[in-house]
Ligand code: TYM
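Next up: a single chain in structure tokens, the form predicted on its own.
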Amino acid sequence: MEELKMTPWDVSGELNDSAYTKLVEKFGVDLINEKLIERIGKIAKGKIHPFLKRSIFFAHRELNLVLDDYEKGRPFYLYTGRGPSGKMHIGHLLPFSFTLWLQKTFDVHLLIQLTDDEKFMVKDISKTAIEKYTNENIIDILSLGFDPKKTHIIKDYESAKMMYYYATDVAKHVTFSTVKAVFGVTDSDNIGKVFFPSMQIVPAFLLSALTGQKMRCLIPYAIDQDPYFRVARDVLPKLGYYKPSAIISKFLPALQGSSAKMSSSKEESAIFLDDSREVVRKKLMKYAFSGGKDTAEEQRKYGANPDMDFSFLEYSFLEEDQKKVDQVYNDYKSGKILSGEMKEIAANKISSFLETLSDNREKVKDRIDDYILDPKKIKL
């Protein structure tokens, strides 16, 4: 079994429950418990996102303080991002659907950072290709339906003057030894990797800096990105801002199972946003890890394990009717539904989701400028 290795730029090894337990201990984050979920549920009027129910978003940093501020009528905002190094797959997009749910639930502003500069420094890819992926990724993200009045896109290259102004404030308080220790940077890495964390930390206080109104920032991110925000929590109070809060996710599983994550470089590991209905079905039938038994007879008798079944998990993330999800879960677990039938159900749900996104892309592709961050247009 390959030992788990994790930096913000590279993840390898098996991603199992034991690995996540070790990461929680190593990074010093808090697990999201039932009490915290119930508190969010009250604010969301009983509608809990599947990622919370199924512990995909499983840990946090001071989420309780964000909820305190919200209940007291104090503003906060969201910040998340995307490194545009290729086309997006469903594993990339679903965390953005959770961010959308947070935006709608709390009715707050959101910053989305496209780290095109980072990808040039850490990937063997041209600036021309990165620019292409950046624009395509933005359209993919916006196709989910974010509020144009409260959603602000930051492209690092285009926003370089503004970003650099505040990044130098961060950089002045971060030593080279800290970057080496926290991010795993070595003497053979380019110096861009040393400075870049300062750029990714900026949106964690940017809205406060631009508006002059000190407020908390809640950041949804996958656990491999935690090093940035451990450093941010150390630096930001020195600059007069709140420590950023976080709600942290596991990786969405690859088709072959939960021990690996979806990868853009492995076609068979992921369902891409431009996959046709036929391709989605073929991938599920051929590659999707099943929680069922080896034969139909065994599954009728003993049932399946939906909790480790890729097709059921993807279906449960996309189906908004919880009663339907519960029914499919029980039928699959009891043996009433077979693995092939579960894959068909998931293929239809995923394909419908992707087709809706495709329609929405046409509506937003010419409106990107409406979402680009403009400090003059921010109205809290």
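From 1 onward, residues are counted along the sequence shown. Nothing here was measured: the structure is a model prediction, and the numbers come from that model.
Same protein, other form: the form predicted together with the named molecule, not shown, and the subject of what follows.
Shown here without its partner, the chain carries 221, 224 and 229, all of which come within 4.5 Å of the named molecule in the model of the complex through at least one heavy atom.
Contact with the named molecule, judged by heavy atoms within 4.5 Å in the model of the complex, is confined among 234 to 242, 271 to 279, 117 to 125, 303 to 311 to 117 to 125. Between the named molecule and the residues 200, 299, 151, 290, the one pair within 4.5 Å by heavy atoms in the model of the complex involves 200.
Note on the partner interface in the model of the complex: the residue among 110, 138, 94, 130 having a heavy atom within 4.5 angstroms of the named molecule is 94.
Heavy atoms of residue 164 never reach within 4.5 Å of the named molecule in the model of the complex, leaving it off the interface. When the named molecule is considered in the model of the complex, residue 250 lines it closely, a heavy atom lying within 4.5 Å. Shown alone here, residue 80 lies within 4.5 Å of the named molecule in the model of the complex, counting heavy atoms only. Mapping the unseen interface onto this chain, residue 89 counts among the residues with a heavy atom inside 4.5 Å of the named molecule in the model of the complex.
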